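Take a look at this one chain, the form predicted on its own, written out in structure tokens.
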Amino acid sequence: MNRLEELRGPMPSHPHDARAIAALAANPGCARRALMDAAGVDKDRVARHLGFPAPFGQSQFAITRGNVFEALVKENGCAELLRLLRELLGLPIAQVGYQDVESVGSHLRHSHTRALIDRAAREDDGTAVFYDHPLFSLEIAGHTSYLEPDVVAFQIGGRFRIVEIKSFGLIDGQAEPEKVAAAARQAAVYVLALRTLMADLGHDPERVSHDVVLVCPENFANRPAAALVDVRKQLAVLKRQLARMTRVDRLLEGLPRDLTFDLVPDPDGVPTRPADELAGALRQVPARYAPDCLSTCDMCMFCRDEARCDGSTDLLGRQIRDQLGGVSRMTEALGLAEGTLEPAEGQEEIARLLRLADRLREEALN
């Protein structure tokens, strides 16, 4: 048993889905998350056992609305999607082929996806094809994760694009930046998986475009609208984080040999390990909490509580934390601002700015 398996305990490795992989790009500096993901620890199960379940999950109404919208975009062999792509990409074609990869059965979807993509890349006859329900794979720290997008890969003239269908609204041509950013990170995972597949098949991975097609409902109606989103930045961060996970030995260095995140389940699979003991084990691996974690990581509530107890400036968000230049505690920042704490070497400028901000605050209040 290797060290990562010891960390996980006897539970099987938890598979990574696209949302979990995308979250790696959202907070690449968090060693706790990188280690738990590399070990295949079920973070949701751990968080629930600790008493800090993540506030994720869509309402049944939102799920139903999303399914209805996706079905609308894909009905009649993706006829509506073809209209959108004609407008967005200026496609000169009248017809597009349609392949539902799911039709071969779940156990053959991955191999069927490989065969279809390989044939399209080799023939390169300019034929346009939608691939619905493809199944990609991606190596995450030595484990193969299978990605089951509810999106369509589109191929024309030897070039492939990822189409991401989301049910959040596009109002007057604008959508919430946080939701667009999350969709871009998730689409980047699919782009990376498809490029990896192309490379495995001996084709140029750059034939998969870094511009993904984002489809959303427009102006409170169910009428779809489409836009191109460049995911090169998300791809670069994702690649760096996945490479970091392959060098996870560095994260293991210095950790106690007996450290484990094992939940010690009973014969029925119910965790029996005391929550305080498990929390103590987790605290031996540093986290890098940020408010963004609340929408991306299963461990967010536990790490937020930890940051609050420590009075960490991480609670203020990455931008302010970075501006504080290494001042990691609220009490330290307040002490520098109020002049009750002398700045250490290198903190003179940040202390001056904090005192200025404190004086302006006092003047505004008075």
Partner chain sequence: MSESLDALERRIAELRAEVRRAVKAKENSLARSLRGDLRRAEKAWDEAITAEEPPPKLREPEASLLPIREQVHQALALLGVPTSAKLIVAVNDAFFSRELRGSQLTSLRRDEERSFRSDPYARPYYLCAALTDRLSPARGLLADSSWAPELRVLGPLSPRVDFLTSTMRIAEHLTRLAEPPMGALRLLSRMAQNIPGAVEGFAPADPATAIRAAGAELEVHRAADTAQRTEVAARVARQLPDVERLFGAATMSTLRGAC
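Residue numbers count along the first chain shown, from 1. Small disclaimer: the values here were computed from a predicted structure and weren't measured.
Missing here is the form predicted together with its partner chain; even so, the following discussion is about that form.
Its partner chain in the predicted complex: contacting segment from 73 to 81, 205 to 213, 279 to 287, 230 to 238, heavy atom within 4.5 Å: Comparing against its partner chain in the predicted complex, the contact stretch is 73 to 81.
Contacting member of 137, 103, 219, 295, with respect to its partner chain in the predicted complex [4.5 Å, heavy atom]: Of the candidates 137, 103, 219, 295, 103 is the one lying within 4.5 Å of its partner chain in the predicted complex.
Single option in 159, 179, 223, 122 placed near its partner chain in the predicted complex, where near means a heavy atom within 4.5 Å: Answer to the contact question: 223.
Residue 265, heavy atom within 4.5 angstroms of its partner chain in the predicted complex: No.
Partner proximity in the predicted complex: residue 261 to its partner chain, non-hydrogen atom cutoff 4.5 Å: Contact check for residue 261: no, nothing within 4.5 Å of its partner chain in the predicted complex.
Residue 99, heavy atom within 4.5 angstroms of its partner chain in the predicted complex: Close contact exists here: in the predicted complex, residue 99 approaches its partner chain to within 4.5 Å, heavy atoms only.
Contact of residue 243 with its partner chain in the predicted complex (heavy atom, 4.5 Å): Looking in the predicted complex, residue contacts with its partner chain do not include residue 243, since no heavy atom lies within 4.5 Å.
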